[in-house]
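The chain below stands alone, shown as structure tokens; this is the form predicted on its own.
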Amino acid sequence: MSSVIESIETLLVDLPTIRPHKLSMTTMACQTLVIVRLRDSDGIEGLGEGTTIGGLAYGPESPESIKRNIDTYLAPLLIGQPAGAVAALRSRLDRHARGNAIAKSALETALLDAQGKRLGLPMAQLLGGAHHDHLPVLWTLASGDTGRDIDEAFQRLEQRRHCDFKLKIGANAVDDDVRHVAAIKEALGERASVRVDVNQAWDESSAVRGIAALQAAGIDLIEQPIPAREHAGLVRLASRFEVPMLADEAVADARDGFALAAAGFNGAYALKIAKAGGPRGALALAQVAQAAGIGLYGGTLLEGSIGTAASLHAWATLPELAWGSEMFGPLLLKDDIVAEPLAYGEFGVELPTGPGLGIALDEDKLAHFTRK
């Protein structure tokens, strides 16, 4: 008899960050992970993670709503169902529940982790097979202090940990943000690529002024300068400037990617398993981008090691990530809940090699950091 899903448990895990992480919409000193433990009748457990940024500051799902909606609505749709029918179960969730992309991503990850363990295969193998076993990872400079950010960048370079850097801007006046970014780029020179993420903070006229100055300062990529729904404005900005635009919140899934490409967008797309509803949805968006000649970037919602590993398995199946990845989430946290941390070094991270995610929990640390 084939295995069925017996139980699904969710936990809220609060992990402090190594320093305040400043974005346009919030400043983070702690990250809350929603950990999913899916247990099958054959004794196999699948792990998943649903993570967002700053409660409800970033998007419509909060850690608390992710947990409650899985417990109340989504888990009952899966319990008692065949454990290996990942695609059918994912369709079942979509038929009965709208939205909730982060919650669905956590569940799909747990289903894939369990199936990989059952078959003795890494998750990347279930997604088509890995092209890469080491993926580039940039670091986000988000202390908000210019001198501190410069020191942090040089430290990461000397450690051979990161050689590309992204700056979170948009919380300050445009001219102040440009001065901050330009000073960091001037200090780093040609030693590092510098990009910015505006997190939707500018209107289009502010973006025109800011991007012109950032382009002149030698910035390599501008992420989501204007609100997500302003597709026409993003297309205009991408056509107006030589520096590429990176669409993030504007492209959650393959349909968004198709609509933006059809409108004439010629920049790059940030892939995130959380906003696409899981690894398979993110890869569907990647296929649209590849067909349209749009570059790819492996994005994060600052997941811990479980969500980061799931993303790495997906990104490893792509022939090329023209703009690398930002899978540094675990490095932003003071501690971890896994037995063996991900292996960062040589300006990137190693793809885990064990069955499923290749990740095991540290039960003592999980118990310590789980919200009571």
Ligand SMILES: O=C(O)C[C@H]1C=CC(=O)O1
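Residues carry their position along the shown sequence, with the first being 1. Everything numeric in this text was worked out from a predicted model, so none of it was measured.
Although not depicted, the form predicted in complex with the ligand is the subject of the following passage.
Peer 1: Note which of V194, A282, L112, L302 lies within 4.5 Å of the ligand in the predicted bound form, where distance is taken over heavy atoms; exactly one does.
Peer 2: In short, L302.
Peer 1: Consider the chain as shown here, without its partner, and state which of L342, L321, I53, A316 has a heavy atom within 4.5 Å of the ligand in the predicted bound form.
Peer 2: Spelling it out, the residue with a heavy atom inside the cut-off is I53.
Peer 1: Going by a heavy atom distance of 4.5 Å, is L351 a contact of the ligand in the predicted bound form?
Peer 2: L351 lies outside the contact set for the ligand.
Peer 1: Does at least one non-hydrogen atom of E249 fall within 4.5 angstroms of the ligand in the predicted bound form?
Peer 2: Yes, E249 sits close enough to the ligand in the predicted bound form that at least one of its heavy atoms falls within 4.5 Å.
Peer 1: Though only this chain appears here, would K272 touch the ligand in the predicted bound form if you measure heavy atom gaps against 4.5 Å?
Peer 2: Answer yes; at least one heavy atom of K272 falls within 4.5 Å of the ligand in the predicted bound form.
Peer 1: Are any of the heavy atoms in Y58 no more than 4.5 Å from a heavy atom of the ligand in the predicted bound form?
Peer 2: Because a heavy atom of Y58 falls inside 4.5 Å of the ligand in the predicted bound form, the answer is yes.
Peer 1: Would you check whether the ligand, in the predicted bound form, lies within 4.5 angstroms of a non-hydrogen atom from each of K166, E223 and F328?
Peer 2: Each of the three qualifies.
Peer 1: Which is the contacting stretch out of 152-160, 230-238, 196-204, 255-263, given heavy atoms within 4.5 Å of the ligand in the predicted bound form?
Peer 2: Stretch with heavy atoms near the partner: 196-204.
Peer 1: Could you list the residues in 15-49 that come within 4.5 Å of the ligand in the predicted bound form, counting only heavy atoms and keeping sequence order?
Peer 2: The stretch 15-49, when checked against the ligand in the predicted bound form, contributes H21, L23 at the 4.5 Å heavy-atom cut-off.
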